[in-house]
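We begin with a single chain expressed as structure tokens, specifically the form predicted on its own.
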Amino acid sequence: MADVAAAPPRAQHNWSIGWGDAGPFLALAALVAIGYLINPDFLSANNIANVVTRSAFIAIIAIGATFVISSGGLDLSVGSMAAFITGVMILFMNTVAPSVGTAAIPLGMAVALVTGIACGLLNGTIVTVGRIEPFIATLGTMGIFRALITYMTDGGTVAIDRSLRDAYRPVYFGDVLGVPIPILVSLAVALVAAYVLYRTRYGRRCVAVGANEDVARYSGISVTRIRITAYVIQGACVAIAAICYVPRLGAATPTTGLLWELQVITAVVIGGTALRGGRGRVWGTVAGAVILEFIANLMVLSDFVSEYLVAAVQGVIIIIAMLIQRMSKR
């Protein structure tokens, strides 16, 4: 029965791209053309590389959010979670660095990943076992994670130990054959996520749960397990993004990851994933994250809109995207 319930999503999700799936990429192409007309420097190799690299953090986290939202959930804590994971990672590395040297970096990465998974497990358990609405549950953990990083930093900044900075810098500033490492990491995460969501039983069941929870449950699918796993995937993705983010600034502060949840949800919605659940688009999510960063970059390069209004523009974009989704249902 479980396989029967999972069959419809199999037909909806495949590697081919229809017109609906192509929407984010067409918008991205149009944005690139507009950017070039506004400022030819927009398409310079350095600018494109910098913009796509900066979008990698949001893209990685948004890929995890694609699983959560596809399953009918929501996670508002990702920005605070990223700050908390970053703080835990840096404090751990600084503590063990005098004893193990640069080996503290891979150890810190492992600690970050475990912390992210634990945070995702916490969110998933509160939502499913506690039967609390995802909006309320993750709003609560958002406050908890932000308070914890503020406490850990004593309201200030925790910087990575000087002995580790040079060894860690290549994780963000390095490249392989000219491609920045954060971009390669985001592509690797997207490839794995696309395979899991489109080609595995878990992916089909994840979408089935988001489409109709009651039908999925009556078909023998463990809704609790599916949703908890989605939140765990989200936590792991936040940890991977934090690992790539640390060498960029070399520190954690109470404002790290501020408003990332807005960017993440916007990227997911722009990418074609239904906010109500039941449909997920991994590659569309990646395109959505790049679109947001391109828009922010254009606001810096042009004088049309102040760069201080980036968050306002992103808010308008998610409202428009939701209106389009609603109208498409009619």
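Each residue number is its position in the shown sequence, starting from 1. None of the values given here were measured: they were computed from a predicted structure.
As for the form predicted together with a further copy of the same chain, it is not shown, yet the points below apply to it.
**Q** How about Gly130 - does it come within 4.5 Å of a further copy of the same chain in the predicted bound form, if we only consider non-hydrogen atoms?
**A** Gly130: yes, in contact with a further copy of the same chain in the predicted bound form.
**Q** Against a further copy of the same chain in the predicted bound form, would Thr229 count as a contact residue? Criterion: heavy atoms within 4.5 Å.
**A** Output for Thr229 is no: heavy atoms all beyond 4.5 Å of a further copy of the same chain.
**Q** Report whether the minimum heavy atom distance between Gly87 and a further copy of the same chain in the predicted bound form is within 4.5 Å.
**A** No - in the predicted bound form, heavy atoms of Gly87 and a further copy of the same chain never come within 4.5 Å of each other.
**Q** Test of understanding: in the predicted bound form, would Ile291 fall inside 4.5 Å of a further copy of the same chain by heavy atoms?
**A** No, Ile291 stays farther than 4.5 Å from a further copy of the same chain in the predicted bound form.
**Q** Choose one stretch from 230-238, 106-114, 131-139, 92-100: the one whose residues place a heavy atom within 4.5 angstroms of a further copy of the same chain in the predicted bound form.
**A** Residues of 131-139 come within 4.5 Å of the partner.
**Q** To verify the annotation, which of these, Ile183, Ala190, Leu148, Leu121, has a non-hydrogen atom within 4.5 Å of a further copy of the same chain in the predicted bound form?
**A** For this set of options, the contacting one is Leu148.
**Q** Using a 4.5 Å cut-off on any heavy atom, which residues of 188-223 would contact a further copy of the same chain in the predicted bound form?
**A** Heavy-atom contacts to a further copy of the same chain in the predicted bound form: nothing from 188-223.
**Q** Comparing against this form, do Ile318 and Asn47 have their CA atoms pulled together or pushed apart in the predicted bound form? The difference is 3 Å or more.
**A** Result: closer.
**Q** Pin down for me whether the Gln314-Gly72 Cα distance shrinks or grows in the predicted bound form relative to this form (closer or farther, change of 3 Å or more).
**A** Pair moves farther apart in the predicted bound form.
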